[in-house]
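The data below hold one chain only, encoded as structure tokens and taken in the form predicted alone.
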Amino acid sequence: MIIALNNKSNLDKNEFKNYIKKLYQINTTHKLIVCPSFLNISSVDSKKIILGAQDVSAYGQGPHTGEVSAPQLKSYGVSCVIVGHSERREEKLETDDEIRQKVKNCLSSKMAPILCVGETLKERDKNLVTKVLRKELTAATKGLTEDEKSHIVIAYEPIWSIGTGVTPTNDQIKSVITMIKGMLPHCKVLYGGSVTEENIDTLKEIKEIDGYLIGGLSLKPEKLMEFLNKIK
């Protein structure tokens, strides 16, 4: 399984050094990916753990102050990048066009995009889940070849579940993942949204899930170990 750890804007320099040492000691057969903040990327030995990033510029290299380009990330050993996370869609007002360009930039630099899609609670209550996700997936993959699409990892994260401790039912998750795989049959699909070492016993019953994108739990190596042991 793919286990992607989204550190978000957490862990200062010294905290991260202690944290990454603990991650190096984790022995697992799962594909463990750490996605630190940009400042902590250079502290990761990509030979010891798979290195990811939390975002990438929609631009190429050049005069784009404050941006981090795909070739720059690649040069540090980054192999995959979270793209289109709901927090960036909301806080940074990222558009479908920007997200599509970020996906293309990742693929051009031989990095796998971890493309996040998800619905708000209002959209779910109005039975718009399929419509919303189809729109996001179609926009992000527009113009790509089938081979290019096959290198994308999809992360289904219902926005109303992120950080709330509330998760959809297994049937709801299974229904969405089945729909996504119907659209993009060669893509792995992760689930994210309040995933913990406590609810993994329930979530792992969903055989359609290819892995997890986790936030808060990613910052706690000891609990992460408990989580990984439960999905052996």
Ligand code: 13P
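In this text the structure is predicted, and so the values were computed from the model without any measurement. Each residue number is its position in the shown sequence, starting from 1.
In what follows, reference is made to the form predicted together with the named molecule, a form of this protein that is not presented.
Does Gly211 reach the named molecule in the model of the complex, with heavy atoms at most 4.5 Å apart? Answer no; every heavy atom of Gly211 is more than 4.5 Å from the named molecule in the model of the complex.
Taking heavy atoms only, is Asn105 within 4.5 angstroms of the named molecule in the model of the complex? Asn105 lies outside the contact set for the named molecule.
Taking any heavy atom pair closer than or equal to 4.5 Å as contact, tell me whether Leu144 reaches the named molecule in the model of the complex. It does not: once the named molecule is placed as it appears in the model of the complex, Leu144 has no heavy atom within 4.5 Å of it.
Any non-hydrogen atom of Pro36 within 4.5 angstroms of the named molecule in the model of the complex: It does not: once the named molecule is placed as it appears in the model of the complex, Pro36 has no heavy atom within 4.5 Å of it.
Look at the stretches 96-104, 154-162, 128-136, 71-79 and give the one with heavy atoms within 4.5 Å of the named molecule in the model of the complex. After filtering at 4.5 Å, what remains is 154-162.
Even though the chain is shown alone, can you say which residues of 176-196 have a heavy atom within 4.5 Å of the named molecule in the model of the complex? Gly193, Ser194, Val195, in sequence order.
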